[in-house]
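The chain below stands alone, shown as structure tokens; this is the form predicted alone.
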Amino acid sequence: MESIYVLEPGAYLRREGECLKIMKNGELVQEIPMEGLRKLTLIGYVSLTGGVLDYLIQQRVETIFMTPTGRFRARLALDEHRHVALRQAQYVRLAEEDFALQTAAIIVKGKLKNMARFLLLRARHYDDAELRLGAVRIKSMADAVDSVKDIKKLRGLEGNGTRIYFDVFHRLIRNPQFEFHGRNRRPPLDPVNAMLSFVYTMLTNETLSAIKACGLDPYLGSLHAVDYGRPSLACDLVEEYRSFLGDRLVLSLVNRREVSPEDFVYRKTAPANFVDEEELKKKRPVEMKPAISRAFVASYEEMMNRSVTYPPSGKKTTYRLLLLHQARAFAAYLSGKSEGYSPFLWEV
């Protein structure tokens, strides 16, 4: 098994031979062979024994720690990739103002095109004029990207496109049990936002892993400014996947009624100020209960292992390997081995 998620609150992991044992309260919950393990994701409060930690280091297993709400907490840091020349090229090229602007424009254009395509597909399916109008407006922004000559204006254009997208996002929800009144995060304040934040974090971690596997520095990008601890390049390259992978997954679970409002819990953390009990409830952070977290991760894994045609090669691959192929294409672009970079555009 290449990828394992552990979501059992209070569990601890120990190694026995080539098996990973998930224990809780002294009892065995699950036993998993470790052969072929490439990635371990621990969600919530899960601890490791020294034997497991030693195995993860020796076998260079990507290990990620996330909060119960799906927020990234930490990563087991192994020594850096040996491809120093590639990182040097990254630092030099992205320090060039024109090149950095050109790169950020490519990323924004890809994101806007994918959002517009997604809205247009659903507009046709639902015969919804507002979704169609939103798609047209975002498409016009994508067409205008090349004329923007300032990084701040480009970020503003990307922000406006995202605002338009989430202004009509509620029309994509076809389950009366769920409502969406705009994007919020840190913490998410409703079930839809909780799921969006969760899947975006998982996709960003996948993208970061792909970037590191190529030898690039995930902390230096172009669209997202350098900020302490922020993996700017991962934040850049994940943009092309948000709508056609992340949003589609959340909407499919909601619209197929595979989740319900009872699958979520409102934490009791009270905001600093509120007017009444109803407002207090609206401002409480929301997270998935453990059972739905497991189902969500299973759906995510099924999606990432789904087959898709990779346009440059015309060959079949999986969405998970697509992220790696795209990171390699971006590395070739930075090192001058290819003339440009093309975000993956979802065909409808």
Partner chain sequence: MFYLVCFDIVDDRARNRVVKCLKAYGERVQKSVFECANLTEEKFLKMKNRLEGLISDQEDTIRYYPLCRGCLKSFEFSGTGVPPEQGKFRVV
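Residue numbers count along the first chain shown, from 1. No experiment lies behind these values; they were computed from the predicted model shown.
Below: the form predicted in complex with its partner chain, not depicted.
Residue contact check for residue 322: none of its heavy atoms lie within 4.5 Å of its partner chain in the predicted bound form. Shown alone here, residue 54 lies farther than 4.5 Å from its partner chain in the predicted bound form, counting heavy atoms only. The closest non-hydrogen atom of residue 22 lies within 4.5 Å of its partner chain in the predicted bound form. Residue contact check for residue 313: none of its heavy atoms lie within 4.5 Å of its partner chain in the predicted bound form. Here the marked residues 10, 252 and 263 all miss its partner chain in the predicted bound form; none has a heavy atom within 4.5 angstroms. Contacts with its partner chain in the predicted bound form, taken as any heavy atom within 4.5 Å, map within 285-307 to 294, 297, 298, 301, 302, 305.
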